[in-house]
Ligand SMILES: Cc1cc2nc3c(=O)[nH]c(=O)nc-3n(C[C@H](O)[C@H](O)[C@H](O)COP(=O)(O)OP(=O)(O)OC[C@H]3O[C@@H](n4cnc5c(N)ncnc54)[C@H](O)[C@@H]3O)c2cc1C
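Just the one chain here, laid out as structure tokens, in the form predicted on its own.
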Amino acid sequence: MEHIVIIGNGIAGITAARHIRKNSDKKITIISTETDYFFSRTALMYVYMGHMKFEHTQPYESFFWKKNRLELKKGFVNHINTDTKTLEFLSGEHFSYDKLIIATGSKPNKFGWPGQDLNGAIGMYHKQDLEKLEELAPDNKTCKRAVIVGGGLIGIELAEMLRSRKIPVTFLVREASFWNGVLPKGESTLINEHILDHHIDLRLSTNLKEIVSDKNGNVKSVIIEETGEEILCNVVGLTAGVKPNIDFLKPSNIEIGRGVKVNRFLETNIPDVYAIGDCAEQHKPIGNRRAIEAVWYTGRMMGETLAQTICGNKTEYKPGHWFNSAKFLDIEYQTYGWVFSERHKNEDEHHFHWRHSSENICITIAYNKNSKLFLGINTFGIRMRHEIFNKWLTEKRNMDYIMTYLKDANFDPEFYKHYENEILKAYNLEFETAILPVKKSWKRIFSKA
């Protein structure tokens, strides 16, 4: 019986295992050192905030694995011999495979800061990070202040977690505005203001120089690069992005760059060895996408796609139109298609931006300035339907069409206030058009016309 071994029990690896089992009777072993069972990584913050218990983050009951003949093995792989198709564990044990799937995910970036490995300097990615945070910052008496380094999605989640226990937070962001490498100026400004409204000490254009130790090897303070200021703290959150967790592959005859190099079929340069999820790096990016995408849903899609290939139906990975969602404290964020920041957009990409005068609600729509072709939309505080924007992007609709039928895409719950008429008025004024508001028509939206 062919033996499929998967290193990593995150969303990519577990999805691959589930879909291989649906389509075959192959022997499947899943290897991990993090936890016994798969859990929802994005839900870790809610465990700390008291909204759920850790067991609630596990989608499957413990009997699921035995019932589906998915063998679970705890251990750390420190070498892969692709000639003999053998894994070597840190314990010295050897383990053979017929086909190998590398799905080891990401780990937090570190940039050689003095003190970055002190007790109290943590990431926020693994279950062990959550356990460490619970130990170091159970309340605002034990933890007098935390400093977060890095202005991305994990950083703002960690800030929200700590503030839920009334722990003072200083947030160091090296950019001049929060996440302005991704968000256009108007949206980044909105998030800056929102962070400050939550009593978080936001320091823009600020870099970490050093993490200072006390006499026991614990975090005592941080030093600011630009000013030399010392900020006393008990916890330093290192959230300056993530990188593929592939150190165990070095040295190796498996081709690696920043991640494990794969083709469109998620195959590496070695026969019967594949990589999926955060650790996989496309030789050539797909469209405007990044070569490495540390996103939950792309990991799931890679797992589903590779399972088809493993089971004899060779299938190319086609992620489709880009979409994502996140939460900035109280503001929900969605993006469909591509809306680049001022730093990264080309000269043909223009933006229509609307922001509510008093509420934390805004949208930005990107379009081609010459053809008015719709390129993408960001929404803050307004929920939109993925399937509709996916359809409009496929159909290559123009801006006038998008604005005419924008109301049809709204997915806010019943009794929520809608803002499409205000948005449309602003659009008409900016473009000197006269598009009239229309009522919803699901028949029209999903027709072929």
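Numbering starts at 1 and follows the sequence shown. Everything quoted here is computed from the prediction, not taken from an experiment.
The next section is about a form of this same protein that is not shown, the form predicted together with the ligand.
- Comment: 68 to 76 is the region of 68 to 76, 335 to 343, 142 to 150, 182 to 190 lying near the ligand in the predicted complex, near meaning a non-hydrogen atom within 4.5 Å.
- In summary, among the residues 270, 232, 295, 224, the only one with a non-hydrogen atom within 4.5 Å of the ligand in the predicted complex is 295.
- Of the residues 301, 254, 154, 137, just one reaches the ligand in the predicted complex with a heavy atom at 4.5 Å or closer; this is 154.
- Proximity of residue 248 to the ligand in the predicted complex: non-hydrogen atoms within 4.5 Å are present.
- In the predicted complex, at least one heavy atom of residue 7 sits within 4.5 Å of a heavy atom of the ligand.
- Though the partner is left out of this view, residue 103 does reach within 4.5 Å of the ligand in the predicted complex, counting heavy atoms only.
- Taking the partner from the other structure, the ligand in the predicted complex has a heavy atom within 4.5 Å of a heavy atom of residue 126.
- Shown without its partner, the chain has 31, 32, 33, 34, 41, 42 in segment 30 to 60 as residues with a non-hydrogen atom within 4.5 angstroms of the ligand in the predicted complex.
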